[in-house]
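Take a look at this single chain in structure tokens; it is the form predicted alone.
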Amino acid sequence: MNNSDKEGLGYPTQKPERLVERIIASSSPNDGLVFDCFMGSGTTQAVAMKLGRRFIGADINLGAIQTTTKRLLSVAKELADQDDKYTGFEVYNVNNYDFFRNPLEAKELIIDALEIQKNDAGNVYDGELDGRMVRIMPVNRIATKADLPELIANLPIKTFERRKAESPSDPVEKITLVCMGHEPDLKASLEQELAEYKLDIAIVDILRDKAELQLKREAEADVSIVNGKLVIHSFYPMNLMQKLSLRKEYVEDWRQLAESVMIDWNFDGVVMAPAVTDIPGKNELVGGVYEVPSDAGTIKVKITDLLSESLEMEVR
């Protein structure tokens, strides 16, 4: 797509809607389900919505998620009076993506959450926990056998040899690998690579073994109905505030921390269909006060902060 075209969003790989329309119309039935796992600027989803198809999109690029979300909100407004179109959609963060897109910060927070005694000096172990040396594997993907050569290259082999000579029946090292998902034979592969040494290897899989672990602080908000208006009194995105070293008492205007506000006046308990999409322009702030329509039921509010992390809550 040429950026000078009226459809152009400035996204480098954007495709013309007419081209994607031909593909979807010729390869999917009416009311069908269309999946684009590298959705980019969301052309597939936008066209699917216009053609009355349901859709799923995925992308690892946060900019793509933001571009697509805003694009679909615009398309949904255009189709608001067409009952045969699927104009409601949800945005999901899978496997803590919003948290783990910053690997360095994620590693630090894993160390804190697991109460690992940090090792700043070493180049192989990240710390120690319960008498075991800890190595944190890549946190933005699953750990695979391809990660083992780097680990093995930095292990203190001379120390292993000395310990083996001193106590042949004891492990030369107790190692815990901390992973965000891992190949099932990861432990066996490491043991095989170092078969000449007796190693005590354990794997802690955050997604499987520590699913309840609190890896990030949840946002907080105070929202109520006052004189027929929905009022957001305060919004505290705790992760963003932590990055800014900002405490609640120093937040002068919560709107400075918000990227957008979306409101569904009659939430069905399943899919949020925003009737209000407050996405301000540059150097503007969200409103924070919204007129409640007379036919409002269960109200769903979604506030997104400057890190694109969202808080959703219901107001009755």
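Numbering starts at 1 and runs along the sequence shown. Values in this document were obtained by computation on a predicted structure and should not be read as measured data.
Keep in mind that the form predicted in complex with a small molecule is not shown, yet the notes after this line are about it.
Contact with the small molecule in the predicted bound form, judged as any non-hydrogen atom within 4.5 angstroms, is confined among 32-40, 277-285, 254-262, 46-54 to 32-40. Proximity of S308 to the small molecule in the predicted bound form: non-hydrogen atoms within 4.5 Å are absent; the residue sits far from the partner. When contacts are judged by a 4.5 Å heavy atom cut-off, V289 does not count as touching the small molecule in the predicted bound form. Remark: A64 counts among the residues lining the small molecule in the predicted bound form, judged by a heavy atom distance of 4.5 Å or less. Put simply, V271 is far from the small molecule in the predicted bound form: not one heavy atom of it is within 4.5 Å.
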